[in-house]
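Single chain ahead, by itself, as C-alpha cells, in the form predicted on its own.
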C-alpha cells in the first residue's frame, strides 16, 4: 500500500472499530493504483458527521452540510465524508440536496469519472463498481453512467475531463468527448476563478501542450462567462512545446507569446481567474517587454533602459522563454545571449540598490535635499546598469557630484 495511505490507516481503523465502514476514495486510490505520488487522502465512511466528530476530538466541520469533517490525527489532516447521494443540482455546479446513505456503491455512483469512482479498504481490497481499474489499464477517461447527466450536474467536470486526460496521458472515451462537445455551453454557468484553477493545473501540469489542444478543440474556450477574444480559433506557433519549460508562469508567458491571441484579450480573460494583480503583472510584464524588444537597437544602453523599465524578474523570465523558443524571439539568438550576459552583470535595478544614498549625496554636495537628488540617482542607476559606472560608493559619489554641479550650472538639463 502506498505510503500516504498507510499513514492514514489509523483513521480507517478507528472508524471500523466503532462499527462503521471506511474506505479510501477518489484520486488517492487512482494515483496509488497508477504508482503516482498521492496528494490528499480522502476517506468515505458510513458514519454520520456527528459520529465522526465524536470519534476524533481534534476536528473541523469544514463541509458539515455535505457530510465532510476534517479530522486531525498524528499531525495530519484528512477529509472524512459520510456516504452520500446528490440530486437537484443548482447552477450546473452545486447539489441542492444531499442524502446520507449506507452503501459505498451509492456514494461512488455520484462521482465524475470511473477512474475516480473506486474505493480501497484498510486491507487494500478494491471496490470498483464502474470499471475504473479497467479504464486505468486502457488509459481512458470515461464518465460514470450517463455523461450528459454528469456534465449537467457539474459543468466544471468538462474542464476536469480535459485536465485528467492530459495529466494522465489518457484519451477521452468517445461518449464522454461527444457529451462534452454537446454541453460545452454550460460552462458559462461556472465561476471563472474555478475554471482558472483547472487551467492553471493544466498549463503547469505534465503535458500542457496536449491540455491546451484539447481545451481548444473541445470548444470550451468559447464558453466561459467572459469568453476569450481571439481571431478565429486560438493557435500556437508550430513546434511549440510548453513542457520544455519548468512548471511555472514562464509557460503562460510562452503560451501567449506564441499564440495568435492579442495580449489585451489574453489579459482580460485571465483577469477573471482570480490570480491576483501581482501574478498577472508577472505574466504580462514580460509580454510587454517582448513587444518593445522588436526593432530595439542591439546596444547595452538600450537593453539596460528596457530592463530597468520592466524589472529584473520580467527581464529574466522573458530571456528564459526566448532561449527556450528561439523562433519566438524578435531578435537573433546571439543577441539574446548577449542581453542575458548584460542582465547578469547589472548590479542594481533600483536607486535603493546603489551603494550611495540621497542623504550622503546631499551632505557631500552641501545642498538641501530636493528633486535634484532623484534625478541624479536615476542617472547613476542608468549609467551603472549600462556598465559605464561601477556600483561603488566612491565612484558613484564622484559621478553624482559632477552631475549635480552640471545641473546647477545649467550644463545638463536632466
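Positions refer to the first chain, counted from 1. Treat the numbers as computed from the prediction; the structure is a model and nothing was measured.
FYI, the form predicted together with a small molecule isn't displayed, but the following is about it.
Contact between residue 135 and the small molecule in the model of the complex is not found at the 4.5 Å heavy atom cutoff. Proximity of residue 42 to the small molecule in the model of the complex: non-hydrogen atoms within 4.5 Å are present. Remark: residue 164 counts among the residues lining the small molecule in the model of the complex, judged by a heavy atom distance of 4.5 Å or less. The small molecule in the model of the complex comes within 4.5 Å of no heavy atom belonging to residue 288. Heavy atoms within 4.5 Å of the small molecule in the model of the complex belong, among the stretches 52-60, 353-361, 368-376, 22-30, to residues of 22-30. Distance criterion of 4.5 Å from any heavy atom to the small molecule in the model of the complex singles out 116 from the list 224, 329, 271, 116. Just one of 279, 201, 338, 210 comes within 4.5 Å of the small molecule in the model of the complex, counting any heavy atom, and that one is 201.
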